[in-house]
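What follows is a single chain, given as structure tokens, in the form predicted on its own.
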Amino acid sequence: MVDFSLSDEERQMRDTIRAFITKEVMPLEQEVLRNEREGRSSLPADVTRELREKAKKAGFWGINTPEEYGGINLGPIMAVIVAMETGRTYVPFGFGGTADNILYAGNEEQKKRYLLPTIEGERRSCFAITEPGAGSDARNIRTRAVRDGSDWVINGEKTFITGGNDADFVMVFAVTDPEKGANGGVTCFLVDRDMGWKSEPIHTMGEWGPAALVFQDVRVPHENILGEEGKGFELAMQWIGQGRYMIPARAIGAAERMLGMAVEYAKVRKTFGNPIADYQAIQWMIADSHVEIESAKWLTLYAAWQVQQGRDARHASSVAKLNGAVMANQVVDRVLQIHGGMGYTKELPIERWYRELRLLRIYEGTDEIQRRTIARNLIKGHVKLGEIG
């Protein structure tokens, strides 16, 4: 028999995190909107540090981090649930004590210089594989690294790099053996900013601030190779696969909160003497949104469950990512429609979510790439129709 219930401990953790987000984070929303309208950083660094210190004292440090590195390692399912809760607000906050999964592939010296300081919040990293001519087609990267004695010299450009403007170091993927292609010819390097790479902000329709990174004759010591030489593409796929099912999780939290706003507004907004909640057109938008949110929630939790069971969750993650991205955009559009002109103004956060959630259908694999992956898995027989579990 399938049990969809949370344990008492899991339920308590969810409720505690929801209370933390409601009490400590949501009150900052107006400040965030004001700062963004005035062209300043969404949250000042000191406010972010204070929030993280509160989270640390509350025991929420390192939610996905192994206990040996000071985390609490709640596992993929709870990580998704936590992301749903943090997604209920647009304040750019995440519980600290984490690091990119591929940093654990480093040797002891690399862990000391990069992994541990990142977990402690002392250093900031970014992941750089996407290039102007190689987005979803990561195998087509052109950035080159050429061996020169005990160093490698990197030349190339990366684009749409999350955190690239603020990172202290980058995990950059470069071609080291063109004849071998992606499988055997790409290597990952840990490159400190003071080694010479530069970043430029890319202005977008939302508040996400990616960067373009430029590498011009950047010299990197051979010992800064992460993992093995020529095995970089495998590391990249591990990084991408690890986080894909997490992308819809935050969208689910945002969609649930917005739907709650729509329900409350529909009950008080009157036209022709009646609350608009009485009209079937509004009721159907509310009902459809709820069905889609619930569907996305269980697809996402299923992908996380597969990861937790040690199964190959790539197909389930693609399904969850595609469904969640489409769901979020449909829900925010309906919620804005229900609010009418007020939803279109900057007085409410709906228009901000409208711009922010549109990104989900593009980054970490576009809708089209997810459909391609899903269809190919079915056509080639990698996934069997009708299977459960």
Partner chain sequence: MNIVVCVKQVPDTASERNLKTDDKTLDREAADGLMNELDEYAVEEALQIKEAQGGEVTVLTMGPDKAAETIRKALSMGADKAVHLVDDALHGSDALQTSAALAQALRKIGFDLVILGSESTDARTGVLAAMLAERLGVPQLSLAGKVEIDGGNVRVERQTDYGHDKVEGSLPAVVSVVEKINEPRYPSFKGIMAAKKKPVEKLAVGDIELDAAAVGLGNAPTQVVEFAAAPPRAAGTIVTDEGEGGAQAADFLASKKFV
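Quick caveat, the model's predicted, so the values are computed rather than measured. Residue numbers count along the first chain shown, from 1.
One more form of this protein should be noted, the form predicted together with its partner chain, which is absent from this view; the next part is about it.
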Check your understanding: For the spot marked by Ile17, Glu24 and Leu74, is every residue within 4.5 Å of its partner chain in the predicted complex through some heavy atom?
Key -> yes
Point to revise | Of Leu33, Leu348, Ala58, Val47, the one that lies within 4.5 Å of its partner chain in the predicted complex (heavy atoms) | key: Ala58
Study note, to complete from the structure: Students should find that, of Leu28, Leu360, Ile63, Met327, the residue having a non-hydrogen atom no more than 4.5 angstroms from its partner chain in the predicted complex is Ile63
Exercise for review: Give a yes or no for Arg352: in the predicted complex, does one of its heavy atoms lie within 4.5 Å of a heavy atom belonging to its partner chain?
Suggested key: no
Review point. Can you check whether Arg52 is within 4.5 Å of its partner chain in the predicted complex, heavy atom basis?
Key: no
**Study point:** its partner chain contact at Glu368 in the predicted complex, heavy atom, 4.5 Å
**Key:** no
Study note, to complete from the structure: Testing 352 to 360, 39 to 47, 66 to 74, 329 to 337 against its partner chain in the predicted complex with a 4.5 Å heavy atom criterion leaves exactly one stretch, namely 66 to 74
